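Below you'll find only one chain, the form predicted on its own, shown as structure tokens.
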Amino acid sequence: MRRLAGRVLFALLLAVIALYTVFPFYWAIVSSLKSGSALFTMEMFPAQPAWDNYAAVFRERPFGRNIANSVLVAGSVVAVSLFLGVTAAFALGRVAFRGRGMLLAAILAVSMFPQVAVLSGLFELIRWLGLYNNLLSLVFSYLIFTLPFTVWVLTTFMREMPRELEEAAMMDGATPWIVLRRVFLPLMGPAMATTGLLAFIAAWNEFLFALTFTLTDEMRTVPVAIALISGASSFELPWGRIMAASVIVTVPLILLVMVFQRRIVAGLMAGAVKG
């Protein structure tokens, strides 16, 4: 009887968690199919879906270009973060040198600074480099919060790699670069998928830097483009179109998580690898 009660409580807890996490996205979908006064009615699904909200998002603004900008920026950030992160992790995780712990602590401390604290200095640097209103400015600035996290996490995974594999490769004449590329990288696939996906989500959702370092609609990323959607007057917000845009930009993240689900779980469990 006690075991049955425990299972029931556990099932109820899972149901509450699922409802808490899924319901906001479900309600965003429902709201995206409404317009006018229908937005303030309670319906599980609108009787007359306003599909025009989705068309209006692309018709009234260069939203397709904004999505392409976000894909380009987030993809570039992930590529650069993983390349620099895995090479730095190899040095920090496999090479013993004085001050390694202090360097790791400094890398972690950099990620703790709030964005607004570095905004003014970063703006002056980007303007000096001539990157204002350029997607390269976003790639450059996003590395501030994705690279420290990537280096820290990949260093943890790198330390768990069996030293016997590295020693065997060295005995066969492999250089450190070959050891990293041919021995460790295949084993670190789940860890890189996990950190890469988290870096992609962070870059995809970033708002403050994207708002500050871009000026024209053609250079905006999707979070800023959604925030700038306006109605006929400044007091009227087209919530249907805003919800439609939010659904459009959320679907790619859901698909990415579903595609890499097994690698993410494997990456989270990779710390259990023993030499």
Partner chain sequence: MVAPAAPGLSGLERERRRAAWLFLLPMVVAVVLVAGWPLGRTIMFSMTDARLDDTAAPAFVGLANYNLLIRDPDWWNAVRNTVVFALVSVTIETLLGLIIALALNERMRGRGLLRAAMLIPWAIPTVVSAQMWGWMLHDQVGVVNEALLALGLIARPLAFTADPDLALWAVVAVDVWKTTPFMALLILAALQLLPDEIYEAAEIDGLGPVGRFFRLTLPLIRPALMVAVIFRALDALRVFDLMYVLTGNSAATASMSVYARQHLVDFQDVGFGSAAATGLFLVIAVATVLLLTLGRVRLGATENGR
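From a predicted model like this one, the values you see are computed outputs, not experimental measurements. Numbering follows the first chain given and starts at 1.
One more form of this protein should be noted, the form predicted in complex with its partner chain, which is absent from this view; the next part is about it.
Might residue 242 be said to contact its partner chain in the predicted complex, defining contact as any heavy atom within 4.5 Å?
Yes, residue 242 is a contact residue.
Indicate whether residue 133 is a 4.5 Å heavy atom neighbour of its partner chain in the predicted complex.
Residue 133 lies outside the contact set for its partner chain.
Any chance residue 186 has a heavy atom within 4.5 Å of its partner chain in the predicted complex?
No, no contact at 4.5 Å.
Find out whether any non-hydrogen atom of residue 223 is located within 4.5 angstroms of its partner chain in the predicted complex, and reply yes or no.
Judged by the heavy-atom cut-off of 4.5 Å, residue 223 is in contact with its partner chain in the predicted complex.
Whether 58, 154 and 218 jointly form a contact site for its partner chain in the predicted complex is the question; each needs a heavy atom within 4.5 Å.
Looking in the predicted complex, the three residues 58, 154 and 218 all stay beyond 4.5 Å of its partner chain (heavy atoms).
Looking at 110, 71, 79, 165, which is the one with a non-hydrogen atom within 4.5 Å of its partner chain in the predicted complex?
So the residue touching its partner chain in the predicted complex, by this definition, is 110.
Taking only heavy atoms into account, state which residues of 112-151 are within 4.5 Å of its partner chain in the predicted complex, ordered by sequence.
The stretch 112-151, when checked against its partner chain in the predicted complex, contributes 112, 113, 114, 116, 117, 118, 119, 120, 121, 122, 123, 124, 125, 127, 140, 141, 143, 144, 147, 151 at the 4.5 Å heavy-atom cut-off.
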